[in-house]
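In structure tokens, the next block holds one chain alone, the form predicted alone.
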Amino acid sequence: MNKRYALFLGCTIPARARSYEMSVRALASRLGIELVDLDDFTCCGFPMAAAHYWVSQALAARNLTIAEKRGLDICTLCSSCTSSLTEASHFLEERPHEKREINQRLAKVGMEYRGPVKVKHFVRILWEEIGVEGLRENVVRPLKGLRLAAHYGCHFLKPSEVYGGFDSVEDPKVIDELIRVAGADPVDYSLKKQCCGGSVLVADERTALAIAADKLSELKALDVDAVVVVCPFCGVMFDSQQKKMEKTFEQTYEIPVLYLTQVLGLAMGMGEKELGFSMHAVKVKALLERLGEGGEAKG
């Protein structure tokens, strides 16, 4: 099995989701997954997709080419980056005329994409290459009693045709199952598949906040301990924007937002600092204290 990947951070994580990166690196180190940093990576192309298809594809293909030169497949952390790069890799193999067009564009910067370069979200690497049992073997502090709600988001599993049946779009289970591996209880809820609202935040802030607040209201009623995400956009919406939602809609949520990698890291005995919890807008101190160790694993 391949356990060596080029790490693609994208644009949002270095600026607004450092705790996600920290927890991924800690988890990868523990599990023997080598993540290689490549300096030349740029935007995945996703923000340009609606405005200019060819520019978007060329940006994605440029990143694929950089990894290809190093003989590496790509590990992504952002669901939008995953979608953009996976679609580009898929369609450049399926559509020879697109590859010709893209390579004409890449030739202007002295590059050529041959392909294919595989792209996998870090959670998919955990699921397929470490496996449930391999992860469970590393759990030393089960998160018993914690009620965690999985948020899948829009791009973690879609477009399904390019992900090769990784999980069911209509009835997703991977995040819930990995929450169980950590010893916590996944909470089912009616809005599980609903968008976080992040895609319309720039165009219509109130609508974006309302979409996210709708989900938080249901989770508040269900008395969950935290919402669990696998994408920095979703993390920003539920965490960084939560106070603004409370002010806008005159509600109180106070629901911590955890990255799945932080959940697994906690279960594997990693501490608060290692997993970057101090960077969260909605504080997680009370949740960590429920584990009886203030978020720090005993030596």
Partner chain sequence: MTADGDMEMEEGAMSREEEKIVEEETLDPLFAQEVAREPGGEGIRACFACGTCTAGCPVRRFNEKFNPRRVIRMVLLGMRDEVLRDPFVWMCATCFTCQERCPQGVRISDLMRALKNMALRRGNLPEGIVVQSKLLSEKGTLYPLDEFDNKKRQKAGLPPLEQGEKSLAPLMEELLEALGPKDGKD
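Numbering follows the first chain given and starts at 1. In this text the structure is predicted, and so the values were computed from the model without any measurement.
Keep in mind that the form predicted in complex with the partner chain is not shown, yet the notes after this line are about it.
Student: Report the residue, out of Gly131, Pro159, Gly164, Gly145, that has at least one non-hydrogen atom within 4.5 angstroms of the partner chain in the predicted complex.
Tutor: Exactly one listed residue reaches within 4.5 Å, namely Pro159.
Student: In the predicted complex, which of the listed residues (Arg180, Lys118, Arg105, Arg136) lies with a heavy atom within 4.5 Å of the partner chain?
Tutor: For this set of options, the contacting one is Arg105.
Student: Thinking of the partner chain in the predicted complex, which stretch from 202 to 210, 172 to 180, 223 to 231, 119 to 127 has heavy atoms inside 4.5 Å of it?
Tutor: So the stretch in question is 202 to 210.
Student: Do Ser217 and the partner chain share at least one heavy atom pair within 4.5 Å in the predicted complex?
Tutor: The answer is no: Ser217 has no heavy atom within 4.5 Å of the partner chain.
Student: For Cys43, is any heavy atom within 4.5 Å of the partner chain in the predicted complex, or not?
Tutor: It does: once the partner chain is placed as it appears in the predicted complex, Cys43 has a heavy atom within 4.5 Å of it.
Student: Please run the contact check for Lys283 against the partner chain in the predicted complex: heavy atoms, 4.5 angstroms, yes or no?
Tutor: Residue-level check for Lys283: no, no contact with the partner chain.
Student: Taking heavy atoms and a 4.5 Å cut-off, does Pro47 contact the partner chain in the predicted complex?
Tutor: Contact check for Pro47: yes, within 4.5 Å of the partner chain in the predicted complex.
Student: If we check the partner chain in the predicted complex, which of the residues in 44 to 64 reach within 4.5 angstroms of it by a non-hydrogen atom?
Tutor: Result: Pro47, Met48, Ala49, Ala50, Ala51, His52, Tyr53, Trp54, Val55, Ala58, Leu59, Arg62.
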